[in-house]
Each structure stands twice: as structure tokens, then as C-alpha cells.
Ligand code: NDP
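Next up is one chain by itself, shown in C-alpha cells, the form predicted alone.
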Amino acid sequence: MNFLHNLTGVFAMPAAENPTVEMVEAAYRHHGLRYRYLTCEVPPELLGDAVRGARAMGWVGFNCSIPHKVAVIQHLDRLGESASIIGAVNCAVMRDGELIGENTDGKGFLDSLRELTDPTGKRMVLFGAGGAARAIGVEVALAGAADITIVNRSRQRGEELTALLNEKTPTHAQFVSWDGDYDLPAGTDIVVNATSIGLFPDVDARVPVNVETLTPQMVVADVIPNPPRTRLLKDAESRGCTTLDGLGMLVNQGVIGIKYWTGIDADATVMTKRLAEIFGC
């Protein structure tokens, strides 16, 4: 086996800043896979060269991060269903000679959510309208969520995501401008923070939500993996909510990516343990 034919790469982010590298490499070692997960810093003007190089070297796929998630699409052969709707790619996989763009952000979240609740018919409040929010909104909508409220400071981005969900998925979506502490509507089933509020080192930053409107029947999720127990999740726990941290989403993204590239169902516990070591939790 030619070792170079079993490479996966990450574009744009240095290894020291990306725990995903350690997580995926831990899975490769555990399963005895002759694969490597490498980081490659690629400037935007050389993205096309990088993708062509990946093809030429026989890479089975790669992840890409900001700022390449949209620009990379023009260098791929086609997109998976949700990636096409989202309009962004964070994972590419070689299938039958074609380089296919996928998006594992929302898929990773959805897999974690389903461990706690089935989103079918549920009402969700989604804070944020950036890349993570778009991916989560689309995947949860495609999974059958009945109603999604987008809460965001930027009206333009919030309304764009709302329109996308209404036009491209079967869910009903509406936008609410985020101005001060948000009161969660009665009957909300799922609450998701898809913003960077509370991300290390700003661990004391507070998601502007009226904690008194959190109720025990809600599942409250935060996409932030570091720290896993954000201030929002601590507040939600104090109100009796079921909580979901960002570690599960990150691990599930790794599981999905490894499945795409190798066909192996990776052991999620191995990756979770490595992340816990990195984050000290």
C-alpha cells in the first residue's frame, strides 16, 4: 500500500490550534489504520492548486476550514445534498474518481442530538446565523423539525438563513432580531447556541438569554467544545434542562469524516478521551 494514497488533510489551520488533528490521529492509531491526518496552511489564492495537489497525490479526502468552506466548491466535482443546500463544504471525499463536497458540521450535531431526542416535529430556537448555524439549521430541518426560530444580531444574515430554510427544507422558519436577553417561547423543545459566545478564553461570556424562560423539558445544546460545560449549559442544568455540549458534535464530525475516507466506523470513545485530555476535562 502506497502510504501517500492514504492521506487526509486539513486546509488553513495550524496543528497547534486544531484539536481535531489529535482526535483523528488517535482514532487512526487505535484502529491500526495506515492513514495520516495532516495540516496544510493554504492561502486563498492557492486553494485551487492545493485541491489539484490532493487529487494528484491520491488523497482520499480532506477537511477545510474558514476561509475556504465556500470557495472550495468551485474546485470540487459535485456536492452532497445538505452541503448543496448549506452552500458550504468542510469535508471532501474521493468517490469513484470524483471529489465530492460534504458538510459534517450539522451532521455531527444531529447525531449528538439524536442521542437525547428525535428532532422530528420539534420546535427549535437557534442562536446565530453563521456557518455552524446554517449547517445545524439545515440538518435539523431535513431531519423533520417542525419549526425553527433564528435569533441573530445581524438582520441580514438572520433573514438569509431563515429564507434558506423556508425555501430549501420542509421546516417553517422565522427570524427574530437579537436585542438584549431573549425570552424563549413556551413550547420550545430544543435550544442551540451556534455562536462563539463562551469560547475559551472568554469562558465567562454570557449568551443573552433569559435564564428564567429555560424549562426542564428543553434540550439545551452548545456547539462550543472548549470548555465543554459553558456558562449557558451550567445555567440550563440549574433549571433542570437536559444539556448537550460541543464535544459530542466535534467527535461525531470526526466519526463521519473517517467513515467517508476509510469506510471504518471509528470508536468515538477514543476520540472523546483524547479531546478530554487536550481540554483538561
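One rule holds for the numbers: they count along the sequence shown, beginning at 1. This one's a predicted model, so the numbers in the text were calculated from it and none came from an experiment.
The form predicted in complex with the ligand exists for this protein as well; it is not shown, and the discussion that follows is about that form.
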Interface membership of residue 236, the ligand in the predicted bound form, 4.5 Å heavy atom rule:
no
Can any non-hydrogen atom of residue 194 be found within 4.5 angstroms of the ligand in the predicted bound form?
yes
Answer for residue 225 alone: is it within 4.5 Å of the ligand in the predicted bound form, judged on heavy atom distances?
yes
Residue 105: heavy atom within 4.5 Å of the ligand in the predicted bound form?
yes
Should the three residues 66, 152 and 199 be counted as contacting the ligand in the predicted bound form, with contact defined as a heavy atom within 4.5 Å for each?
yes
Which of 47-55, 228-236, 212-220, 247-255 lies within 4.5 Å of the ligand in the predicted bound form, heavy atoms considered? The stretch 247-255
Considering 80, 87, 144, 130, which brings a non-hydrogen atom within 4.5 Å of the ligand in the predicted bound form?
130
Which of 95, 114, 157, 168 has a heavy atom within 4.5 Å of the ligand in the predicted bound form?
157
